[in-house]
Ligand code: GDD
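Just the one chain here, the form predicted alone, laid out as structure tokens.
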């Protein structure tokens, strides 16, 4: 069994951090977003292909320096190809069936149960679906009484939404689905390819656990909260020598003695939070400096950003080397 992970897009809604770092390497609850996605893969997966685009060299370098437990191959795009084009470009040698995952989905989906559902109905593929209050930003499925997908509408207006069950970005497909994707050009799998496949049997796998896509600052921080609450962010307390409630995830080389923390904080590799500083509901990336008596709340600080003594940063996204 193999897995294909789609790492596309420019992370525009997370700028200015993503001018220098792909969003998949932003740490959440102590590890990069991408690695939380890889954690979903079951033991039967033997190989992973990463369909990379924007800043693919940084992703490849990070994976080489911090190898996951599977052999991983990065397959870069020469130009943006969309979801379908990315699948086609990186899908050579996929198993039959294979897992397909979006790289910014934070969830606890049981991929073994997903594969069992696929084996049980014998269709072309099975898509994990999660129910949301507002389906407008997502691809929405219409389902029959057997959870076969009868229609799929991308980003519908409320009156056109056939349900509130959306594509959760985690699926399993027979390899022949790759043959239906046009080669050599950009293609949207959801809009251009998927509607043509429904008659061949595509099913929904209804998932009711936690789910979010970490594509905006608010959703990224909410995703981190979900991970911490699910116990996927360390011990859930504040580090020795600090004060407050936590949970706090420290990455290698972080220095925080004498600081105070509220809930849901990641302190990146070699970051420094000085004594008297307070951090809550935030992500501090590699090399960040939060000086004495400064406050950071609800913010994402890019690599080597600095908050000066006594300053307060609330609800901001600071770029690499940014100052406040």
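Quick caveat, the model's predicted, so the values are computed rather than measured. Positions refer to the first chain, counted from 1.
The same protein also has a form predicted in complex with the ligand, omitted here; what follows describes it.
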If contact means a heavy atom within 4.5 Å, which one of 280-288, 50-58, 293-301, 63-71 is the stretch that engages the ligand in the model of the complex? 50-58
Is residue 6 close enough to touch the ligand in the model of the complex, meaning at least one heavy atom pair within 4.5 Å? yes
Contact of residue 86 with the ligand in the model of the complex (heavy atom, 4.5 Å): yes
Hey, in the model of the complex, does residue 93 get a heavy atom within 4.5 angstroms of the ligand? no
is_contact(residue 152, the ligand) in the model of the complex, heavy atom dist at most 4.5 Å: yes
With the ligand left out of view, which of 220, 105, 177, 172 would have a heavy atom within 4.5 Å of it in the model of the complex? 105
Though the ligand is not shown, can you say which of 209, 182, 80, 253 has a heavy atom within 4.5 Å of it in the model of the complex? 80
Are 224, 306 and 320 jointly within 4.5 Å of the ligand in the model of the complex, each by at least one heavy atom? no
Sequence-ordered list of residues in 17-38 near the ligand in the model of the complex, where near means a heavy atom within 4.5 Å: 23, 24
